[in-house]
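The form predicted alone is given below as one chain in structure tokens.
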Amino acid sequence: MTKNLAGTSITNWNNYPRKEAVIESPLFEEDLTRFLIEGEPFIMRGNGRCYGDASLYSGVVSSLKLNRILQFDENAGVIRCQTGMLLSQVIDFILPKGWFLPVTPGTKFITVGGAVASDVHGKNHHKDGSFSNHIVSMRVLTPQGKIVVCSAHENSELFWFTCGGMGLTGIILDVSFSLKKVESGFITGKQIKARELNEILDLFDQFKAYTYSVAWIDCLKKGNSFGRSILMLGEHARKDEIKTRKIYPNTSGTLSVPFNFPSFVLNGYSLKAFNALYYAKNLKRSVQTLTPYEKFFYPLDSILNWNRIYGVNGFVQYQFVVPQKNGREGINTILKRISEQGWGSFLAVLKQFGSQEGLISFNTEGYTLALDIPINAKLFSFLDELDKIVKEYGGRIYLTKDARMKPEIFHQTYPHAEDFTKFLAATDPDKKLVSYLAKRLELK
């Protein structure tokens, strides 16, 4: 086991907050057991692609060297791997064999363990649910040092509190999950412009039959064009739809942002200019598309270190969901507050969720909006205001994107928050697994 005894300054993808930590990088499961029993409190950390403080603490254990494929049933499309594997590594292995991830977030550079701990969702939640819906089983090393096999039907309480539990229920050792059969590495679909907010919400309903749907939305536009958007729809392309012999493309980019941008680069004028150009890029209202999977699912992964665009102070990704029954009103109200205050975002992403089972998962049927906002002195008080509006509409904030939510908001908006804290108290009385998020939200 390698160990950094001096402590290292680390942060997650949004560069806020930054903390000092002693980092362990184990090679074997036995190392995890020994550190859990003998060591100081810590939190597991994958590739640091979450936002905020969920995988930060004074003690951090990295899973990145625990990245082996343990079993693969190519006929059934079920893979079992250690949780330090990146989704990119999984794709590189399964795609040439005709399989793809059942659910993927907007980056392929997260670990399988992070996908479980965050119960990640993608552009297909309305059809396929979140990552937990596709887990066959997983092995979890509990804070008491016991390895437990769990699934939706076996040791189910541990399973459902681990899916979305932000690494606080135990160390996920390996995961067996089902894959999606595909014929190619391309996505066919269309992009449709919406002139205002109600139209984009209508389009989500109209094109619900598509497997993948997501919308870019202009958060700053006011008047009759308030909420103008571009809906992006997709399906995995069949071989006969591709006019090239290259069925499985590799389009990984090599562009990189070499340094932190100065804070003045991101302002109301540059945001409005970008939004106007992005909305105008499609000359027609509707265009057909044939896109390599990386460009469709992971457009930002082609730009290394893109988080530096937001400067040395970092940014907050604010993501919330409001339930379907009052989702239109909730999205309308929140977007108006954002527009009025000028807190727009280059990367404002709107999706529609389907129904969701789970005890502590973020996902619930409704609409979810994610915004990247540079940090400044006035931001957090404004987000506190938005939190209250989200709560009033029965919504909640995504823990894996959160860096500043107050504990009362979490406990009032997650229906099983009290059960979760009781479960953690009972299964980890010595507080072996702790993060700054857990302390901030008063979970342990």
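Computed from a predicted structure; not experimentally measured. Heads up: residue numbers just count along the shown sequence, starting at 1.
Another form exists, predicted together with a small molecule; not displayed. Remarks below refer to it.
Non-hydrogen atom within 4.5 Å of the small molecule in the model of the complex for each of N47, V120 and T400: Affirmative, all three are within 4.5 Å.
Within 4.5 Å, heavy atoms only: does V390 come near the small molecule in the model of the complex? No, V390 is distant from the partner.
With a cut-off of 4.5 Å between heavy atoms, is Y57 one of the residues that contacts the small molecule in the model of the complex? Result no; Y57 lies far from the small molecule in the model of the complex.
Since only the chain is shown here, I'm wondering whether G189 would be in contact with the small molecule in the model of the complex (any heavy atom pair within 4.5 Å). Outside the cut-off, so no.
Do I43 and the small molecule come within 4.5 Å of each other in the model of the complex, heavy atoms counted? It does: once the small molecule is placed as it appears in the model of the complex, I43 has a heavy atom within 4.5 Å of it.
Only one of G366, G113, G234, G227 has a non-hydrogen atom within 4.5 angstroms of the small molecule in the model of the complex; which is it? After the contact test, the surviving option is G113.
Answer with one of I217, M166, M138, V90: the residue that has a non-hydrogen atom within 4.5 Å of the small molecule in the model of the complex. Of I217, M166, M138, V90, the residue with a heavy atom within 4.5 Å of the small molecule in the model of the complex is M166.
So if I measure heavy atom distances to the small molecule in the model of the complex, which of the stretches 204 to 212, 148 to 156, 104 to 112, 179 to 187 falls within 4.5 Å? This holds for exactly one stretch, 104 to 112.
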